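Each of two forms of one protein chain follows alone as structure tokens, named structure 1 and structure 2.
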Structure 1
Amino acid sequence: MKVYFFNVAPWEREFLEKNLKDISPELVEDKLSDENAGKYADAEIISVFVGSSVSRDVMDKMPNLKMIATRSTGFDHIDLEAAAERGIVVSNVPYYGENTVAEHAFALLLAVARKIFQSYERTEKFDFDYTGLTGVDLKGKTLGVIGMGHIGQYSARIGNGFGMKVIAYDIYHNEELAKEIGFEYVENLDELLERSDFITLHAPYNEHTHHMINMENVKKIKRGAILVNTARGALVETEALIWALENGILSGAGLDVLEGEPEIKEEWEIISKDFDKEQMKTLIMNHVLIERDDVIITPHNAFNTKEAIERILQTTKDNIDAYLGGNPQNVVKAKK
């Protein structure tokens, strides 16, 4: 079985070489494209990342191709219709970091609520004055979770662990899930904003969620609330966020994402060799929010743990093993 892994980053190589000895894949640093596909005409299984393009033309140049294992949740870089016509199985990594991102969201939430950064800065200067460092408890407070996907669900579980009352806004309601985890759905976003002491965003970004928190509804946020965003920067209108902070509506914010970031399909692009890190650096350096004492910003790093990285690679390996065993898993297909 001829197996190729494309767009392999240095952090992937060690894991793949150690854990894929049984199929001995060839690890290629370059992305797969129409220009180089002919060099790999003998490929039977390929694994790609979002930077590679697996088009109809690429598949034509790989006549023996039987399976595509993408190391990503998204799969819009693969022509699913062409794959279906050729009987090629396509598998993805449906999720890998629900606890990882949720844990980072709570790290930001706690850092703002307990003024961790200000305390650290002061102590580093051997100043042990407590003035201005009074924080707030989480226990007994209301946590508003926007978006009840895998990450939102895990955030709700963590909130319950802190003794918080958890409410959630999502366009889809699963009352069995709400009962199992222990949270309450609200009917609209305004209600969540009005009731929440802490707000954490876990919604996808699209045309419907662009600026879902904006100059109109930010005024409805419960005074003194803390906002955390580990999803996508453009879910929150920056002007509205700054206005809410300046007017005391929000007492603080923890942000892992900023409006104006380069378009990112998958978080893993950030640690790949192709990501424009200078562009991200310039964005953060020029961002007015970074100068505020009531805002903590991390560099889109919520996904980045050793365990999460290994999960995405392990799931890819498992997908290939399942296919070779005759029981493909995590299969994605073209919408009819």
Structure 2
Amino acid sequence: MKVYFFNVAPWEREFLEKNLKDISPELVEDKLSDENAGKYADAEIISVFVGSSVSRDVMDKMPNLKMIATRSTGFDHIDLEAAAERGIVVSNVPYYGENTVAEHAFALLLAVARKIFQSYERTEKFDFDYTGLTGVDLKGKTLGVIGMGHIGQYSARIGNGFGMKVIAYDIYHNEELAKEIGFEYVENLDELLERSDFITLHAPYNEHTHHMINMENVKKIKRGAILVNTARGALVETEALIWALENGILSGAGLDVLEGEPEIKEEWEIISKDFDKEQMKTLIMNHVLIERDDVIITPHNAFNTKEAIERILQTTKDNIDAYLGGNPQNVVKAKK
């Protein structure tokens, strides 16, 4: 069985070399893309991370491909329909870091709410003046969680720990869970935007959630709120985010994800790739966000703790073993 692991980071190598001896995968540092897929035409099982794109074209270039094990929860970088047409099994890692991502969301929230970055920049210059560094309390405020799944639930628990009132918008309601954790479901997204002092996004990205915060509803956000996005960049229309910051609707934002993220990681691609007008606009607007003092951006790093990485790799190994044993697990499929 020819197995390739793409996007392999140095810290993953040790685990993979030690624990995947029996399938001896080839560890590739590069991410998988249309451009390099042809080099791995003999692949039968591949493991990728979110930077890779497993498109229809990539699958065409790997005619023996039988299984894709993504080392992530999100799977929007894989064309599930194309995989289903080819009988390719796709497995993800559903629960490796619900606390990990939620903790990062709060790191971002606290950093923005308490102006940690500006404070740090000042003391780095031996300037200990705290003028202009006044923050806001978390206690007593309302936290709006969009997507009360695995990660959202941890955010709710942490929010309660800070003494916040937690409200949630989700397409499914589980009143027992709401009682157990201590939060209240709102009827619609507008209500959450209107009531929340802090908004944290934990919904998946798909055609229904694309730009779920947009130019239309951004005006509903409570004045001075802080937005945190550790889910996917395109849940928020970048133009609407900048507009809300410019107009004081949002007092700040903490972002671990950006719209058009793969493009911004490799800007040299601008000259080598055909960018359409919309992609170019998003790219420029991301630069605007990066430059802003009221926005803190981390490089899609919310998952990145020692413990979470070990859980990801272990589940990926288990997913491949389960597939090879004839009982695939953690299988994700295209929604009809």
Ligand code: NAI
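These numbers come from a predicted model, not from an experiment. All residue numbers here refer to structure 1's sequence, counted from 1. Between two forms, the rigid core is defined as the largest C-alpha subset superposing within 1.5 Å.
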Review point. The form predicted together with the named molecule: 1 or 2?
Key: 2
Practice item. Given a two-part rigid split of the chain between structure 1 and structure 2, flag whether A82 and E175 are grouped together. Key: no
Revision key, fill the gap. Treating the chain as two rigid parts, the smaller one turns between structure 1 and structure 2 by an angle in degrees of 32
Practice item. Could the core-superposed CA displacement of A69 between structure 1 and structure 2 be given in angstrom, to one decimal? Key: 7.8
Practice item. Determine, in Å, the CA shift of K39 between structure 1 and structure 2 after the rigid core is used for superposition. Key: 15.9
